[in-house]
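Just one chain follows, in the form predicted alone, and it is written as structure tokens.
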């Protein structure tokens, strides 16, 4: 009994941290999102957002950038992770460290280096703002896609793949019916880690001379103008979208886990 009570006490610091750095900021965000400048309750902030063509256009543009970035990262990360984990290549872990190593360097320095390379190739970055944004996003977020997929493939039971081959499945069937479903938790984790930040990372756009807003830029513009209510409202909309995406990806991951257990 005494040991059980001591274990409960160990959770108190985490509960304090959760309240101060998660629950309290969420309360502040939704307070300002649901009030006007005088502190009175209102839903007009959300009404202005969903009837504002500029805000909706920013949301759509942000989602397009995030979708393209996530798709390219997935197409690059999955074969890379497979080769590093399953091809028997020597020093696979060392190659993984090389891929992840840019994450150890300051984000601004990495983008500055990429900016110089693109400027050398293109001459003027203003000619291809959307393309440069996608390149910058992929360069920044690719390691976040590689790591979870690599871990899911590395931990995969090879006996299941061998059993599928012994039962007459071709390489294509083994991949799509066994390997891909088993690696789905890593894919879902990678998508979550790339898609959500890509919707709000306006620093890439600013440094690569893309004058178009994304959601992070829109939030920053509101708070820079001391418009806390609209800034918090946009943040709340993003939180709801993030919650929905997390719920959907969580269901996919759970289904994949059940499929893996069944196999």
Partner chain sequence: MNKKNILLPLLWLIFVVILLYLPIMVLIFYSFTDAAMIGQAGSFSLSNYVTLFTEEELRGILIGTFSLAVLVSLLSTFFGTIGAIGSFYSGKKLKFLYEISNQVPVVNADVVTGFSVCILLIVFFGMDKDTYIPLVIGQMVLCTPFVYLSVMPRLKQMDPKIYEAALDLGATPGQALRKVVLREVWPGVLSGFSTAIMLSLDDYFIATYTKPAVFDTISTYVVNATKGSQTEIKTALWALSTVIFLFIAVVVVIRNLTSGREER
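The structure displayed is predicted, hence computed values, not measured ones. Residue numbers count along the first chain shown, from 1.
The following text describes the form predicted together with its partner chain, which does not appear among the structures shown.
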| property | result |
| --- | --- |
| Triple contact flag 41, 50 and 63 to its partner chain in the predicted complex, non-hydrogen atom at 4.5 angstroms | no |
| Distance check, residue 200 to its partner chain in the predicted complex, heavy atom within 4.5 Å | yes |
| Partner proximity in the predicted complex: residue 107 to its partner chain, non-hydrogen atom cutoff 4.5 Å | yes |
| Heavy atom of residue 114 within 4.5 Å of its partner chain in the predicted complex | yes |
| Non-hydrogen atom contact residue 182 with its partner chain in the predicted complex at 4.5 angstroms | no |
| Heavy atom contacts to its partner chain in the predicted complex at 4.5 Å, residues of 64-78 in sequence order | 75, 76 |
